[in-house]
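Single chain ahead, written as structure tokens, the form predicted alone.
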Amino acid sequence: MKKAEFTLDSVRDSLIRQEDTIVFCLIERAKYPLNSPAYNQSYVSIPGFSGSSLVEYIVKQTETLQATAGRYENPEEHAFFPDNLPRSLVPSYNYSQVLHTAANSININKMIWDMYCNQLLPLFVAEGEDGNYASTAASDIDCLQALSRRIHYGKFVAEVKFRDAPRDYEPAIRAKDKDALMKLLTFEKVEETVRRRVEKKAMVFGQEVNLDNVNSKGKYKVDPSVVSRLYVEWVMPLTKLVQVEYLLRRLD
């Protein structure tokens, strides 16, 4: 995003588009059952990756490859295993520096990983195994990266809100008052609109389509109420957590 295009409307448009990505990623992951061995650290032993599950191994290897292609040069992207990633091998793109440099120190992907693997997955995938562990992990990567991008986009949300009303935020920032910042960032009507919108998207994108006029109403690839819960309990609260952490450093 160029500086001239960085507005509250452009940020909202990006967040709405990211909703589509998240819903479609969940639909793709729901094709497979839980496949719990893929998350079990004792299931497989890979040289050089002791203590890693198959999913962790595939995510680490994927991030290593993507780092060489410059993915994590983009301020919107955050690695789940950022330590010792290789440098990009491609020419650097001149990303607009719209964020304060302190943004680089904020990465809550450990929390996102725990939420996704231990709390969200059991809510929308079926129990059991089908042996497609690698394909399952590939779907997990898409879901994790989409959720990470959406939640860490809170940095951009916080920046544009701060620029629009710095005098509202500066006293709370200087006082390191997290509760005051959280109150400034919370708009219940907006959050309810987001909740209703993602629930409807899950209904529309995930409905069973047929051509024989058989009534498939109420049959969805992912339960819309789970998508609503995902946003209410995790996506929006974690996004606001990122916003608060960013704002606390905004005047450094």
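Start at 1 with the first residue shown and count on from there. Bear in mind the structure is a predicted one, so any value in this text is a computation, not a measurement.
Another form exists, predicted in complex with a further copy of the same chain; not displayed. Remarks below refer to it.
Out of the listed residues 207, 36, 52, 186, 207 is the one that sits within 4.5 Å of a further copy of the same chain in the predicted complex by at least one heavy atom. For residue 66, a non-hydrogen atom is located within 4.5 Å of a further copy of the same chain in the predicted complex, even though that partner is not displayed. Although the partner is absent here, residue 171 is not a contact residue: none of its heavy atoms lies within 4.5 angstroms of a further copy of the same chain in the predicted complex. Under a 4.5 angstroms non-hydrogen atom cutoff, a further copy of the same chain in the predicted complex has residue 16 among its neighbouring residues. Interface residue remark: residue 133 is counted as part of the site for a further copy of the same chain in the predicted complex, having a heavy atom within 4.5 Å. Figure note: of the listed segments 162 to 170, 117 to 125, 178 to 186, 93 to 101, the one touching a further copy of the same chain in the predicted complex, with heavy atoms no more than 4.5 Å away, is 93 to 101.
Taken together, 41, 105 and 140 are entirely out of contact with a further copy of the same chain in the predicted complex: none brings a heavy atom within 4.5 Å. Taking a further copy of the same chain as positioned in the predicted complex, the residues of 32 to 65 that bring a heavy atom within 4.5 Å of it are, in sequence order, 43, 44, 46, 47, 54, 57, 58, 61, 62, 65.
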